[in-house]
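Take a look at this one chain, the form predicted on its own, written out in structure tokens.
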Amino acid sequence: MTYSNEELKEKIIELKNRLSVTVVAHFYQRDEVFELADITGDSLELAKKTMDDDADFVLFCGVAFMGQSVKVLSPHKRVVMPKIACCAMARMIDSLYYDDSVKFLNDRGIASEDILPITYINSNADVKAKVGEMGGMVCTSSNAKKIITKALGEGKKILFVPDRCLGQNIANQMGLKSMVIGQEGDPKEADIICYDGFCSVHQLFTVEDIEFYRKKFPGILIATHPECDPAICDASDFVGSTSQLIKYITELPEDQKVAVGTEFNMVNRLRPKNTYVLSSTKPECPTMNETTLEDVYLTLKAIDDGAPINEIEVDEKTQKWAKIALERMLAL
């Protein structure tokens, strides 16, 4: 039987009220899904907030690595996802590619004990675990500078995975030298060696987009996410994480125009006017938008039927070391 969105919303609310389940949604989710969530935020916010939640189930609307982070930090919780959608950036690296990156540095005269790995939270649990085993930690786009500052104090080379743009942007902010694996450069001469991964959505923004908006609206502000190319961030008025962008933009005077370089759904919810998407195409994350109201309803119904679907599991060793990598970040 096919239900309308309004009927699905009613059924979802009824099941939510009756079941011991907390619905969690990332900022990039579709509006109709986002509006039904009990907890909203960016990836780390959601993992932290659910640690204190006492429901039996966490129904996570996002992408796979986010559901894994909840499970890693709260292994006693049952985590289900309406769609186990794949983050394209997280998929660019796995434990084998991580090992290859370490070998790349070893082959160029940098011993493993002289490497301190940092993984962006946009990575799967197996990569977080590898990083944890090597003494490294996780970072987010909002705390990357703080994490890297701490890491530099240990006098080691930083291997930054998987987002080259975030690594390069933080290096530029701090006056450090970076290089990207597979591109020209001697890792011995770099402070931060970046894996060649990226966010496909944040690659859509161009310097030409910025020039277009500055010409069309003199005085407009440009706010971008650090997953954008360094040339974009260098030309911006403000660069910040998802939460930092929300705070910056919502606190602007109502008549101040701003063009924002990040995912469409989030930008579209920010302010009713004078807010523009910094792109000639719609920068919508395809995997974040896989989750529908029907998926949420079917996942709740499966819990109600006693046969949960799409449950997130992380093996014991991976859970142990990934948690250590995450807790090292949280300790800072």
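In this text, all values refer to a predicted model and were calculated from it rather than measured experimentally. Note that residue numbering begins at 1 and tracks the sequence as displayed.
Keep in mind the form predicted in complex with a small molecule is missing from the figure; the text below concerns it.
**Q** Flag residue 74 as yes or no: does it have a non-hydrogen atom within 4.5 angstroms of any non-hydrogen atom of the small molecule in the model of the complex?
**A** Heavy-atom contact with the small molecule at 4.5 Å: absent for residue 74.
**Q** Could you tell me if residue 68 has a non-hydrogen atom within 4.5 Å of the small molecule in the model of the complex?
**A** Result no; residue 68 lies far from the small molecule in the model of the complex.
**Q** Can any non-hydrogen atom of residue 241 be found within 4.5 angstroms of the small molecule in the model of the complex?
**A** Contact check for residue 241: yes, within 4.5 Å of the small molecule in the model of the complex.
**Q** So in the model of the complex, does residue 43 come within 4.5 Å of the small molecule, heavy atom to heavy atom?
**A** Yes.
**Q** Flag this candidate site as yes only if 164, 195 and 229 all have a heavy atom within 4.5 Å of the small molecule in the model of the complex; otherwise mark no.
**A** No: none of 164, 195 and 229 comes within 4.5 Å of the small molecule in the model of the complex.
**Q** Based on heavy atom distances of at most 4.5 Å to the small molecule in the model of the complex, which listed stretch, 52-60, 25-33, 297-305, 274-282, is the contact stretch?
**A** So the stretch in question is 25-33.
**Q** Work out which of 141, 224, 169, 124 lies within 4.5 Å of the small molecule in the model of the complex, going by heavy atoms.
**A** Partner contact (heavy atom, 4.5 Å) among the options: 141.
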